[in-house]
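Only one chain comes next, encoded as structure tokens, the form predicted on its own.
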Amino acid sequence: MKIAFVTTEAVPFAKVGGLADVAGALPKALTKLDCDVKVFMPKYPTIDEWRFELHYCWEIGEMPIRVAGIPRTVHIFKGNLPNSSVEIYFIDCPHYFNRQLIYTTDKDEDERFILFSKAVVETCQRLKWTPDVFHCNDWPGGLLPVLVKDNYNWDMMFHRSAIVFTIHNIEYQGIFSPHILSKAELKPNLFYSDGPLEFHGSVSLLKAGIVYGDIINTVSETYAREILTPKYGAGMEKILGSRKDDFFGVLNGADYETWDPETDKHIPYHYSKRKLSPKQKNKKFLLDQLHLPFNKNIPLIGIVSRLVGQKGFDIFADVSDELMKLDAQWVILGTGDARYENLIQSMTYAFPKKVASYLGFNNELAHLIEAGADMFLMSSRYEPCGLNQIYSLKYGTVPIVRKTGGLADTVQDWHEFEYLGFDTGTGFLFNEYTGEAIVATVQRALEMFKDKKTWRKIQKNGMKRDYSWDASAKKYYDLYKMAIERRK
């Protein structure tokens, strides 16, 4: 099966969110199922050609891609996803992609992804490579299904190519002026009241992907159910509801080649569920680095997150004073809204023996926190999938999470399962989106931390869970087959 995986970010080349982790891992897992996968993404100025051994595609050469009536010069560079045979093709157009950010508020943002989508299709044409499936991701990939079924409908090589469209976060919808249709050379009748691209008087590229995809999915089963409701659907719930027979949830996997305490190159002491004791050494090492005192009986709670309301920092802020009264230490890594950055800084200054923080992105520190913390807090308002709770389970770092989206699908509450007569719980969950719920659940976890035997059981339960990409890749493979059947 030939898969064209279309993305705007991929680890290790460029990352904003979870899509990059998916794009860096899922294509590799698909090759184990005998899929021929090619990844397509823009070439940003931060992508080092020498470091990643990228080569100019002479067999494609210079491509003129017309956007808004102007031909733009496009070149293609080719490389591989690290440690794999998966080819990745970079769409090089400095006019549109030589920017400081992957996603911008520039007035030509729509043109950037018109060009990207057209260039993916025309690269396939010049390679004479017909995908069985175009796997498009989020609103920047939402236009490609329209183009394949409209602008490029004349080319027989794509007549059987199916579309799988993945929603990683329904809040981001790619809203643009109706002028985008003429810029993309699309038929004006696609925009009419409640038409396939119209969304409250504008054009939504997310809606385009939902309407024109043969199969639509999102990144966890619970989130798939949630976004069919007005509370979580961000206005797209009726549109998704019209495609509910073609809409599925597939949980993201974790890249255990990178996130595994037995082999993690970023941590000083390796450990496993069979030999957990070195985890304490990682905790002491981390606390020493952060200039916090070490006490094996005082739990360390880690947070690695974007500091934004969606991640629960509004309710965290409401009870930050109460949380500081608890007998625990905190390490917080992230960047985001200024008000939450200021809150974290003020907590660090006010409680220098309890709180350490790093405002920014630091991959090594993220790994050290997973290995060294005793608990990991994720209080998200909504969470399509989430990966840090999955990493935490693998590292024996007990998750404290809100019961939503992928968090609900991957973490089982210790007390809830104990009440049912099982000792299989892996963490602590809360339902209500309130600061009080955070405090109460952290207190539950702190109380259980005192019972070392039970705590070790919770840790090992989590470490036994397998959320690797292998299982998720098989589910995507099934979606691809389903999409091909729909396209016939």
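Numbering starts at 1 and follows the sequence shown. Being a predicted model, the structure only gives us computed values, none of them experimental.
FYI, the form predicted together with a small molecule isn't displayed, but the following is about it.
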* To do: Could you tell me which of 346 to 354, 394 to 402, 306 to 314, 260 to 268 sits within 4.5 Å of the small molecule in the model of the complex, going by non-hydrogen atoms?
  => 306 to 314
* Asked: Every residue in 19, 22 and 168 with a non-hydrogen atom within 4.5 Å of the small molecule in the model of the complex?
  -> yes
* Asked: Should residue 387 be counted as a contact of the small molecule in the model of the complex, where contact means heavy atoms within 4.5 Å?
  -> yes
* residue 252: heavy atom within 4.5 Å of the small molecule in the model of the complex? -> yes
* To do: With heavy atoms only and a cut-off of 4.5 Å, decide whether residue 163 touches the small molecule in the model of the complex.
  => no
* To do: Using the partner position in the model of the complex, report whether residue 219 sits within 4.5 Å of the small molecule, counting heavy atoms only.
  => yes
